[in-house]
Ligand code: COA
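Given as C-alpha cells, the chain that follows is alone and in the form predicted on its own.
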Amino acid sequence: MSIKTATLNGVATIEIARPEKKNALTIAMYAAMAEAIAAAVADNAVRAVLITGQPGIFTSGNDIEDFMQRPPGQGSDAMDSPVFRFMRALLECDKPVVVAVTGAAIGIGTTMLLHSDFVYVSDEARLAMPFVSLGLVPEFASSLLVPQLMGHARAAEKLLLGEPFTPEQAVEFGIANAVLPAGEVVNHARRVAERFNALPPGAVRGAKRLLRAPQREQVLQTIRTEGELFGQRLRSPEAMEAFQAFFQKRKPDFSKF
C-alpha cells in the first residue's frame, strides 16, 4: 500500500507515498484514501485532515497501467468504484481539509484541490489538468469549478489545451492560499490544521457545510455527468492511442481520428 495514515494532535494525515512511481494513484490507493477520510470524519479526536505527498511530487495523477487494467465501470457502477468513492468522501468530509502540495500536481492532483479548504503550494510545484491530451475529459467537477474560478478563456487553456500553471497562478486563480518554500510547505499546512484544535468543532463543521451548500447538488451532478463521459472516453480509440504512446514514450498520433 502506498498511502500512509497517521493521527497526531487532532490532525489525521493522509500521505501519498509512492515516489518511485511519482505518486501515481492506483485503484487500491483511491480506496485507502476514501477509507482514511471516512475514518477521520468518524473520529471525534480528529479536528482536521491533512493531505500531502513526497518531496518534489504531490501526485502525477492516475497510474495509467493500473487504470487500464481496472477501469471504473459506467453508470451506477462507476459511482461505486474506488475513484468515485474517494471523490465523494472528500466532497462530503465535514472537517477542514488542508492540502500541502509538495511538488507536481497532475490531473486529479489538481482537481482534488478544488474540494479542499486550505491549499498551500510548494514553490517547486507545477499544476496541470491534461485530460484532453489523454483522450479523456475533465473530472471531479472541474468542468464546472475551474471556469468559475478562472473565467472561460483561462479555463479553456487549462482544460482543453492542458496548459500547466504555476503555484503563483494557483493563488491568483483562487485554487491555493499561498506559495511557500518547498521545505516549509508541509509544516505550515500542519500548523494551519492544528489551529482547529482551539476552535469549536460543531461551529467549524456547520460553517464548512454552509460554505459548500449552495453548489453541492450541482457539483454532485457534474461529477456524475463527467464520470459517465469519462468512462466512455476511457474505452475510446483516441484514449487507447494516447495510452499506447505513453507506454512507448512517443507522441500520440490523432491524425487518423
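Quick caveat, the model's predicted, so the values are computed rather than measured. Numbers follow the displayed sequence, beginning with 1.
From this point on, the text means the form predicted together with this ligand, which you will not see here.
Remark: none of the three candidate residues (A31, A38 and E92) comes within 4.5 Å of this ligand in the predicted complex, counting heavy atoms only. Note on the partner interface in the predicted complex: the residue among P71, G103, P96, P130 having a heavy atom within 4.5 angstroms of this ligand is P130. The closest non-hydrogen atom of S60 lies within 4.5 Å of this ligand in the predicted complex. Heavy atoms of L134 reach within 4.5 Å of this ligand in the predicted complex, making it an interface residue.
Heavy atoms of G107 reach within 4.5 Å of this ligand in the predicted complex, making it an interface residue.
Heavy atoms of A24 reach within 4.5 Å of this ligand in the predicted complex, making it an interface residue.
In the predicted complex, this ligand lies within 4.5 angstroms of at least one heavy atom of each of the following residues of 235-257: F246, F247, K249, in sequence order.
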